[in-house]
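Only one chain is included here, represented as structure tokens and corresponding to the form predicted on its own.
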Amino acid sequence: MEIDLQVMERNGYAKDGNQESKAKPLLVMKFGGTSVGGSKPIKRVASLVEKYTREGNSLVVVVSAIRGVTNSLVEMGNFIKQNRRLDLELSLEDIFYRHLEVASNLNLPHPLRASLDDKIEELFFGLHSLALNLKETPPKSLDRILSYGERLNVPIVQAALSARGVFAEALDASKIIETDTNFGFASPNMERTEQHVKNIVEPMIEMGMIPVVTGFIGSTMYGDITTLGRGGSDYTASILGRVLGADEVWIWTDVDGVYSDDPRKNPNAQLLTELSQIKAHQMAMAGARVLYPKTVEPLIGTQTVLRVKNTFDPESPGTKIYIKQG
């Protein structure tokens, strides 16, 4: 991708000798299924992204599937195995119209809406063809099916941002996150992922563009789509945070942050406003509800701050996770 230096300078990049030096803080922001679960929350997300962009930050946005869609895709896999063709067709139809309804309720300008509908239809027909031609769902095939949740939602979020005048582009993470072949619970090849990110993502950021990236998925060196485990969109964000050398990674969810215990079960649970990376990793591995267990791993030992924030109460301080000095 050719870099337009005038665009770069307008968007906060300054020349430093023969090198381009980043003048803006770089934030990777991941929005979970409840944060992008319908037209109203997606509009809220678009507003937040616009706000932090206008405050002088460079952003990479990571998006989950609409809430409940991944469960529907898992169920579709069971319908395939059980040869329940009618249930499969009905499930496919529900997924298709659910995404079209969300797109419709964004009230986009006509050209943007028409383009979005075309993208949704193209992706849906890929899913439809795949599902109807499968007789079994081995892990590799199931990963392909599950990937469609994020792949259908990313263009919707990107369109919502474009409608607000935000320079954003949808990006399929299978193009940048290279993994092993452990389908269903893949691990990234960080060296190869860093190369892909430098070639694809960094030029987008340098042009002042916001990449809107599918969470949860990657691909093998052979191009087969993989998933990073349920809840893996958090992991996607921290992987990108590490290879980009981001200043901060923000996990946007529907709670105020990380608590000392599950607040649904323990009314005395306390919001933890600060945590060390190691303590947060230990809590996640022990089953802390907010953090996917592998989320902290890529950031351990880096200076990148991890924050957990509430999409529906963005002024709440949330939880800050960082290297504690001394």
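Here the structure is a predicted model, which means the values were calculated and not measured. Position 1 is the first residue in the sequence shown; the rest follow in order.
The discussion below concerns the form predicted together with a small molecule, not included here.
The single contact residue among L59, A288, V45, L299, judged by any heavy atom lying within 4.5 Å of the small molecule in the model of the complex, is A288. Though the small molecule is absent from this view, in the model of the complex it lies within 4.5 Å of a heavy atom of just one residue from T137, S162, T253, S219, which is T253.
None of the heavy atoms of G38 is located within 4.5 Å of the small molecule in the model of the complex. Proximity of P263 to the small molecule in the model of the complex falls within the 4.5 Å heavy atom cutoff. Residue contact with the small molecule in the model of the complex: S276 places no heavy atom within 4.5 Å of it. Among heavy atoms of V258, some come within 4.5 Å of the small molecule in the model of the complex.
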